[in-house]
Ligand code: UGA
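Quick setup: one chain, the form predicted alone, written in structure tokens, and binding and motion questions come after.
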């Protein structure tokens, strides 16, 4: 099929590249001319494992194109995905300005039937507004359909998530739209959930809100473990073996971050409020997540006594491993909080340092983990990169002023750290 993706951000690029991999011809559009120029050369604005190679390969095969023209994309494509950003407006609601602008521009360029698919994460009832917007701006009598097709991509494993999905959700109003979407995704051989548009929109927000709830729940339990002297790793393992609960998203740590969970949780709370339901459960989920970072700061204070003028080496800047995304990153929050207490920060991350330099000041960014910990009073693990799990701790101990590790991701074994002579502090586990 001939497909257009409007919005060449994280979701748009991954979706476009993967749809090409399924045998389609795709044109990705963005209003950022510099980004499009770079993408045409195979230079990506984000890091996602395997994505750069996939895009470069399909550029060579002339199956993937980049453009700044929505008109060109509408003319060439049977299916048009809208994948522009829907940031927090500042009040908790999603800002749908970009979605509306794209929809109106698609409308004025419609000459024959097109399937318009909302891929961006949007509040329930957005599909109805999209239909009204297109109807308002369309010139002449042209058929079209609106579809809701939410994405469920995790940064760091997005290509695998797309190619091997748990389910594909399609919200439609017509058999024609359903048939086209089912045909598009048939090569994935995955379960297809067909609903009305409003249900599909809610599935996305409800899914992310539930996963955020699961993370906050296990973090709350970790606080109890910390007080009681239990081990959160053992507790979560015992819980996770129950098939009704499952093991995923039961890892205690600094809480969730990134571009999706914080924004989507706020949006869902706002959506529920507008519909007349006060979603107090999700409000508490948000509070637990925010308090988790303050909890770790308190642990650092207890260990160092005085934070002012201390040197702290921070490993990890992205909100999770295998991405360069620093949006709502716990690591960034921790660094800024420690700086307010008067600490000097040295930091290292395999992928996120260039983006972190934009939002952090007075931080010494280092070439490797060992340079980041050299001469420091404390080593703080803020992101669970695999690289950090393989460090030479004999060397680390020699480089630190004092053998203190504060592990915000629980990636090390307390007993092993104790045997190596470290004072080891983690979350919800007995320290060394």
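Numbering follows the first chain given and starts at 1. None of the values given here were measured: they were computed from a predicted structure.
Omitted here: the form predicted together with this ligand. The next part is about that form.
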Sort through 149, 86, 126, 208 and report the residue having a heavy atom within 4.5 Å of this ligand in the model of the complex. 208
Can you pick out, from 154, 198, 357, 139, the residue that has a heavy atom within 4.5 Å of this ligand in the model of the complex? 154
This ligand is absent from this chain, but in the model of the complex, do 249, 264 and 319 each have a non-hydrogen atom within 4.5 Å of it? yes
Pick from 343 to 351, 249 to 257, 222 to 230, 91 to 99: which stretch has a heavy atom within 4.5 Å of this ligand in the model of the complex? 249 to 257
Taking heavy atoms only, is residue 215 within 4.5 angstroms of this ligand in the model of the complex? yes
Are any of the heavy atoms in residue 204 no more than 4.5 Å from a heavy atom of this ligand in the model of the complex? yes
